[in-house]
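Next up: a single chain in structure tokens, the form predicted alone.
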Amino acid sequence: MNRVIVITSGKGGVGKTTVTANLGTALASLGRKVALVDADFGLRNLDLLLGLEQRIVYTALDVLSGECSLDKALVRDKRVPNLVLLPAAQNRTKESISPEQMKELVEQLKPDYDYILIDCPAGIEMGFRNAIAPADEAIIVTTPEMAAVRDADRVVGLMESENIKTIRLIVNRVRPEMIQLNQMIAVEDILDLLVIPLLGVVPDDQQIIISTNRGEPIVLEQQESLPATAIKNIAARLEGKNIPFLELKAKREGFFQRILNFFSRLF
């Protein structure tokens, strides 16, 4: 049985495309056949995060126009044999494709893949409508910021109105130190606000930026890091496994750092 999951957020800049690239890689590493669909026409980035930008010849629009077959447009990841990318066209706008055409593309993918992950563009306009049209499930990505959580709440309401029943949450870029100081919304408070099941919590880490810039998913490059472990655990939960959530703790400050913090509060 295949699963079509749209990964969305409402707000841009929350790490949704990073989650898509790494989650797809993690699922493929478990032996599942995974197709990643970039639905961000005009501003594609999923290929960059996977390090596949130089190998794109055809795009989804070429398939729809009949210029090439679906198989020719799919870019295969040499590191993970079960993973393919269907890239978006970079020189077109989101209005270049319709929800019906997105459904057509996904229907063509379904017979060959266990998971089809759709990377949804930011916002709730035409690109969003296209991305959610073929989906049976949704993963909402948010960060512990009020603007991101508010936008996520709006997206949850839209998903429910489209009869997408299975909606789950990933809280990304969590910093335990800031939560401890009441400078960042706690995960528990986000869950109270959004009232959807938690799929995973991914800590903030500079290694994610480094791996993203290299076009190497962190689940491959830094396999033992906390973010990689968090995403691999999310993949396992999607597979139905009961994996406990990571216990993210604030780093203990050194003696001199505590002194600096003390005087900074005074002045």
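Quick note: we count residues from 1 along the sequence shown, nothing fancier. Because the structure is predicted, anything quoted here is derived from the model rather than measured.
Missing here is the form predicted in complex with adenosine-5'-diphosphate; even so, the following discussion is about that form.
Pocket open vs blocked [adenosine-5'-diphosphate transferred in the model of the complex by site C-alpha superposition; 2.4 Å, backbone or C-beta, 3 atoms]: In the model of the complex, adenosine-5'-diphosphate occupies a site that, on this form, remains open once the ligand is superposed onto it.
Proximity of residue 48 to adenosine-5'-diphosphate in the model of the complex, heavy atoms at 4.5 Å: No, residue 48 sits far enough from adenosine-5'-diphosphate in the model of the complex that none of its heavy atoms falls within 4.5 Å.
Partner contact for residue 202 in the model of the complex: adenosine-5'-diphosphate, 4.5 angstroms, heavy atom: So residue 202 counts as contacting adenosine-5'-diphosphate.
Non-hydrogen atom contact residue 59 with adenosine-5'-diphosphate in the model of the complex at 4.5 angstroms: No, residue 59 is distant from the partner.
Contact of residue 17 with adenosine-5'-diphosphate in the model of the complex (heavy atom, 4.5 Å): The answer is yes: residue 17 has a heavy atom within 4.5 Å of adenosine-5'-diphosphate.
Segment assignment from 169-177, 128-136, 153-161, 84-92: heavy atom within 4.5 Å of adenosine-5'-diphosphate in the model of the complex: Checking each option against the 4.5 Å cut-off leaves 169-177.
Heavy atom within 4.5 Å of adenosine-5'-diphosphate in the model of the complex - residue from 230, 208, 219, 63: The residue in contact is 208.
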